[in-house]
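Quick heads-up: it's one chain on its own, the form predicted on its own, in structure tokens.
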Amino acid sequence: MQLPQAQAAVLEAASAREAQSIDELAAATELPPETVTGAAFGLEEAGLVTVSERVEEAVTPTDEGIEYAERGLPELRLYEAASDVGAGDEPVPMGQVIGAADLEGAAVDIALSNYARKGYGTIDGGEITADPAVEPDADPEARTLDSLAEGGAVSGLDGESLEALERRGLVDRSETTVRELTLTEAGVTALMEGVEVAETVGRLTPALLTSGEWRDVEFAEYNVGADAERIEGGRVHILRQTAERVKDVLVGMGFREMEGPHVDADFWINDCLFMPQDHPARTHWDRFALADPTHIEELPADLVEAVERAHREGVGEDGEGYHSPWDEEFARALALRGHTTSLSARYLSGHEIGGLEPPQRFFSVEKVYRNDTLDPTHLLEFFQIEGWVMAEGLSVRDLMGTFEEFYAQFGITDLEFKPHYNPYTEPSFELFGTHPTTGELVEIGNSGIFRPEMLEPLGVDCDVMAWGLALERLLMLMYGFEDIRDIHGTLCDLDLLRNTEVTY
């Protein structure tokens, strides 16, 4: 029997008694694994070998996981330190325990959150206790991590602990397809009768063409059904594609695009929006402040004075301010913007592109940052569709009609509106759409007419209607996504992103 060189080599290295993997045959034949794979499928098609497949899971500790395997999980170090200083008998100041545990930076938050999750003790009012009944050596996550760090097999490990370690980024899990070959009776017979290497040509070259030898040579057959290396080319993310579509729609409705800084002063982010400085949303729990630099150097003095007056005294004869402290130093603090309404304040004030006369329409589709809890509808950073219209005699009906026209471009016609309160708009309302899969109402935006207390300090003396819509939630209504973490972030579904096309 004549066979191509690679097939002949693989057939001679294969065994009828035990299955051999592609890697083992590659080592025996000194051929690349992909060449052995191609030869294996050719031999299988000829009935000379059988090819079996199985999926093997590999779990390896990350660099952080290896560090914790050596030094101990942060929550275990915290528990041991707490026990050593007597927290098993009475509460102990948390700072004392953290120092004794030699924890710093992100490890402190990791230790505290997992300490509470695992029930090692209580954390309350800056003090910590340790439950004496806890057995640190029995921690399933620690034991699983130690086993993996020592090269232990995945089989037999606690599944819940593996999932927990993966969520914490302490292990990487992957699956590989292992192919194994076994000689058939026909293959054994062929070897006994003798196998010759066929003189075949694998590819057509310029030399074969110019010499005319291509007429006489025998070309190797190609198995077009055999597996080949899959190369995933880059493509524009579906979120970016939809953002560009949103921009096209708004430009078509007569809007112009705004641009501005992601890091801005609290003055532009909140004070210009008539947001009181003691509002809960302005605490460090809800915003990402900057450590260096901490404050903006310059603000327009006349605007600062007007905004402070509105906060303290209100606007108009019957106006009421907040009667609460207002500090310019607080207003100068820098933070990642929690909404793109900071751009609206910059443009309406004339600070960005000069004074504007009505009518005007502006929008932005930009990223914003909030210290939220991650869940299927909330992320730490997401895209906001900001927009506003400046004109005389605007009403809520104008605002609702704008939304109906905009969302109709994306096939969404079942909008619902709910009255709402905002410090910077009155009247205000939230928008809701029906999720196509679950049938639940999903909040997709917030809107209203800007209050005089916001507009007068900015020098605007006509109506302005405005909104902030969530781009990711627009995708949820368009495609039925139930978890926005599927489309971006560390947990995104790559297959979904590669196979979902933007529809208009």
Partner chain sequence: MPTVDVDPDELRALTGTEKGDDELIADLFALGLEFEGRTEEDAFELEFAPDRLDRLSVEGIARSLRYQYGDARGVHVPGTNAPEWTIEVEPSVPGERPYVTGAVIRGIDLDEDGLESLIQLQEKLHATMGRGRAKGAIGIHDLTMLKGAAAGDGEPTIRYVGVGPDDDRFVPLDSDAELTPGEVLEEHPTGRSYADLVGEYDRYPAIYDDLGLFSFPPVINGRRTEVSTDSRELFVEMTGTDQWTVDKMLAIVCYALAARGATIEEVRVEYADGPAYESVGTELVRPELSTKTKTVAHDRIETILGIELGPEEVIDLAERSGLDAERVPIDDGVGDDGVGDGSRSSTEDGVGDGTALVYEVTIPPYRVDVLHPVDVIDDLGRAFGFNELEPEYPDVGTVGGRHGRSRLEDAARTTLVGLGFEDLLNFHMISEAENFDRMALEPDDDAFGAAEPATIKEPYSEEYTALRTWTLPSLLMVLENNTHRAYPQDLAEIGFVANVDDAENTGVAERRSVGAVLARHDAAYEDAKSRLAALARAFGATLETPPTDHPTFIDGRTAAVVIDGEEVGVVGELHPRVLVEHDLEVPVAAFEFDLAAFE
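Quick caveat, the model's predicted, so the values are computed rather than measured. Numbering follows the first chain given and starts at 1.
Unshown form predicted together with the partner chain; subsequent notes refer to it.
**Contact residue in the model of the complex, from Thr200, Ser211, Ser324, Thr413 (heavy atom within 4.5 Å of the partner chain)** = If I apply the 4.5 Å criterion carefully, the residue I get is Ser324.
**Prompt:** Which residue among Asp493, Glu18, Asp23, Glu482 has a heavy atom within 4.5 angstroms of the partner chain in the model of the complex?
**Reply:** Among Asp493, Glu18, Asp23, Glu482, a heavy atom within 4.5 Å of the partner chain in the model of the complex occurs only for Asp493.
**Request:** Give a yes or no for Gly354: in the model of the complex, does one of its heavy atoms lie within 4.5 Å of a heavy atom belonging to the partner chain?
**Result:** Residue-level check for Gly354: no, no contact with the partner chain.
**Prompt:** Taking heavy atoms and a 4.5 Å cut-off, does Gly234 contact the partner chain in the model of the complex?
**Reply:** Yes, Gly234 lies within 4.5 Å of the partner chain in the model of the complex.
**Message:** Check Asp139 for me: does it contact the partner chain in the model of the complex (non-hydrogen atoms, 4.5 angstroms)?
**Reply:** No, Asp139 stays farther than 4.5 Å from the partner chain in the model of the complex.
**Prompt:** So in the model of the complex, does any heavy atom of Gly86 sit within 4.5 Å of the partner chain?
**Reply:** Because no heavy atom of Gly86 falls inside 4.5 Å of the partner chain in the model of the complex, the answer is no.
**Item:** Contact segment among 211-219, 162-170, 144-152, 377-385, judged by heavy atoms lying within 4.5 Å of the partner chain in the model of the complex
**Value:** Selected stretch: 377-385.
**Message:** Between the partner chain and Ala58, Ala81 and Glu175, in the model of the complex, does every residue show a non-hydrogen atom at 4.5 Å or closer?
**Reply:** Result no, not one residue of the spot touches the partner chain.
**in the model of the complex, residues of 447-477 near the partner chain [heavy atom within 4.5 Å]** = Sequence-ordered list: Ile449, Arg451, Pro452, Glu453, Asp463, Met465.
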